[in-house]
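Before any questions on binding or motion, here is one chain by itself as structure tokens, the form predicted on its own.
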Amino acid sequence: MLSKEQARFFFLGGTFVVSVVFLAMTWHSIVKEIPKQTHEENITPEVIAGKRLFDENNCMGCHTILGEGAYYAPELTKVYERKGEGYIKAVLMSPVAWRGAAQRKMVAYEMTEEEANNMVAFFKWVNEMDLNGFPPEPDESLQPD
């Protein structure tokens, strides 16, 4: 059985050791792993402009990306892979509200060619991130016949 002084030392020593391990793992993730997984060397001015447009148009008000956002409209993390550049540009540049497969309307943003290209660059960069298998592939056995 530990004395009161030993228990205090055990608690404080354990807290210190766990804190140091936590800080070391955090530093390793931020400095080594995140840049490698996100390919930050591929961030171009077009990608930055696309992200800015994504935020200004409140796309996360309806969509999710990287698991964050609303669940009203489709997940956009792998939209570049699923739909391709032409489809994305057509939706963003459309002068009429776009109606997808789920029959939900998307705002007609009527983006310019440059704005649509910037959004495509942003979606392409997100698509190329190493997300450790996120989002998972859909289970085809759960799809209705």
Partner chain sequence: MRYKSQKVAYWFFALSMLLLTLQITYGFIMGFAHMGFDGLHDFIPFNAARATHNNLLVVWLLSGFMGAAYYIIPEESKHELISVKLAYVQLISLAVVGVTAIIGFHLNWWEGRKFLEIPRELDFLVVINVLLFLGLIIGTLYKGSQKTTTSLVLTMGLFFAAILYLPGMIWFDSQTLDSFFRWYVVHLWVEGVWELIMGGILAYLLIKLTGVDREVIEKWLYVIVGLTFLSGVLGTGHHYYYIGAPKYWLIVGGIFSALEPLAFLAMALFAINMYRKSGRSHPNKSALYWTIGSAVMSFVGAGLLGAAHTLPQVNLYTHGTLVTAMHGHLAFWGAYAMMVLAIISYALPNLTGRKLYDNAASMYAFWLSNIGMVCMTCAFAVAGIAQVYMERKIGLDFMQVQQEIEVHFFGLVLAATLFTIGICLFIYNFVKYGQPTDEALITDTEQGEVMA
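Numbering follows the first chain given and starts at 1. What you are looking at is a predicted structure, and each value in this text was computed from that prediction instead of being measured.
Missing here is the form predicted in complex with its partner chain; even so, the following discussion is about that form.
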Distance check, residue 117 to its partner chain in the model of the complex, heavy atom within 4.5 Å: no
Residue 51, heavy atom within 4.5 angstroms of its partner chain in the model of the complex: yes
4.5 Å heavy atom contact, residue 33 and its partner chain in the model of the complex: yes
4.5 Å heavy atom contact, residue 41 and its partner chain in the model of the complex: no
Interface residues of 108 to 131 toward its partner chain, as seen in the model of the complex [heavy atoms, 4.5 Å]: 109, 122, 125, 129, 130, 131
